[in-house]
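Only one chain is shown below, in structure tokens, and it's the form predicted alone.
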Amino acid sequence: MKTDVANRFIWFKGKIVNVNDAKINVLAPTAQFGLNIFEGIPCYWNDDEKQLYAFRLEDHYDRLLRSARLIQIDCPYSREELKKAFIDVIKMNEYDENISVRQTLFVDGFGSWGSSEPADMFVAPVPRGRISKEYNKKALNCSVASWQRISENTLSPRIKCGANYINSRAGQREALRNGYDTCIFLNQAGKVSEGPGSCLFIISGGTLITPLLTDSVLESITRDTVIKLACDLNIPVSERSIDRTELYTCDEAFLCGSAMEITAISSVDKYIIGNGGTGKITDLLHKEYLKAAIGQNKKHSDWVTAVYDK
């Protein structure tokens, strides 16, 4: 990369600037109320090809625009402009490593939580090694949160909105206070939902099981990727509601997301899962995920977008 992280370039309101020069009004709705929507877009470096691949970029933009529609923020940029800003700022930083890119639409100005404009955008890349600690662990000791996951009739988890993540924060901070790495939420019906910013899978009797999209989970791109890869590998997949006690008795479990990739769960509420490490199916899916992310899975070559011109 061209600069250190503290002085990296970001795309901000139509220009590429030093991150320290990107300023938002402290009274803006995005600062006061979390009135923004965003995507964390993973990019993987293929050293053999000397190429950086953005993973499922168009799917991320589909979700970003759905979130904008649901929260009623008018996106001032076309899809082509979203993509150009993304690629331009990565090129400016000259990244040749795995990175995560935060692309955020936010409401600026002097409005309130009810405002829908003026809307603008920033695009901020960061090396993956600099993201949160729980995203860099090999296996996670989890607790079931006392906090309930937000639901469709409160703050829809379908909207990838900054304010929604305060729910995740409450569960995560509780888990850390109690000596765990992270947590697993239950929904209003008492069924298993997801982790903070990550979807959950368990494996029982060789079947890969994950909660329904109507069980208060984000419409996760990584979740969809895992399901498709499992089908390619002839691993049975079941999308259904999961009881809390199934977490304690399953053979394997993992959390997944764009930042977390696929990370094994070693225990839940101190119940050891499997051998307390990464199970065989979890490990296999993670390896296949990484192959797909660097463009080595020819069946899903449409999942990757090359950043650098060749």
Ligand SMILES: Cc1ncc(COP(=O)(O)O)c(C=O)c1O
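A quick note: this is a predicted structure, and the numbers were derived from the prediction, not measured. The first residue of the shown sequence is 1; numbering continues from there.
A second form of this protein, the form predicted together with the ligand, is not displayed here; the remarks below concern that form.
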{"query": "Stretch in contact in the predicted complex with the ligand, which is absent here, among 138-146, 212-220, 91-99, 108-116 (heavy atoms within 4.5 Å)", "finding": "212-220"}
{"query": "All of Glu194, Gly197 and Gly257 with a heavy atom within 4.5 Å of the ligand in the predicted complex", "finding": "yes"}
{"query": "Residue contact check: Tyr77 to the ligand in the predicted complex, 4.5 Å heavy atom", "finding": "no"}
{"query": "Residues in 148-177 with any heavy atom within 4.5 Å of the ligand in the predicted complex", "finding": "Arg149, Lys160, Tyr165"}
